[in-house]
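Next up: a single chain in structure tokens, the form predicted on its own.
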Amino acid sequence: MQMKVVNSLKEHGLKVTPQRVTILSAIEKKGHANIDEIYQEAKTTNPTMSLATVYKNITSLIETKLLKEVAINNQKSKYELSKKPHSHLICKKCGNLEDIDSHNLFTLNSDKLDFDIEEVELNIYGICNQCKKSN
């Protein structure tokens, strides 16, 4: 896992630092994580890391498009490693976030819109199966 993270940093022209490797490894492990979750996970392997360091590195990783911020209604944003275009299913009860491939829904119709779609960000809110079962 760490070699993949190191290679991603190099590919994006970023210096490979222990802090960045720790932060990206924490996000990769969780899939989607907010700042607090990233910080708590990072502290398990790098106890001296500060919250300010996490914020600073998250910002630079977003600027270089290595990370993507997922804004969620009434919750802290979550962060994920950049990957192929997709949308998110978000449970309104437990907050679980799951990737869903929806990019083709929009790009197939871009000719009809007379609009060049470059990026799609879509969050779909509902109740996950786990929460439905627990009612």
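Quick note: we count residues from 1 along the sequence shown, nothing fancier. Quick caveat: nothing in here was measured; it's all calculated off a predicted structure.
Another form exists, predicted in complex with the DNA; not displayed. Remarks below refer to it.
*Asks:* Identify which of 50, 64, 45, 82 has a heavy atom within 4.5 Å of the DNA in the model of the complex; exactly one of them does.
*Replies:* Here the answer is residue option 50.
*Asks:* So, residue 57 and the DNA: in the model of the complex, are they within 4.5 Å at any heavy atom pair?
*Replies:* Yes.
*Asks:* Hey, in the model of the complex, does residue 126 get a heavy atom within 4.5 angstroms of the DNA?
*Replies:* Output for residue 126 is no: heavy atoms all beyond 4.5 Å of the DNA.
*Asks:* Using a 4.5 Å heavy atom cut-off, state whether residue 19 contacts the DNA in the model of the complex.
*Replies:* Residue 19 belongs to the contact set for the DNA.
*Asks:* With a cut-off of 4.5 Å between heavy atoms, is residue 92 one of the residues that contacts the DNA in the model of the complex?
*Replies:* No - in the model of the complex, heavy atoms of residue 92 and the DNA never come within 4.5 Å of each other.
*Asks:* Counting only non-hydrogen atoms and a 4.5 Å cut-off, give the residues of 115-133 close to the DNA in the model of the complex.
*Replies:* Nothing in the stretch sits within 4.5 Å of the partner.
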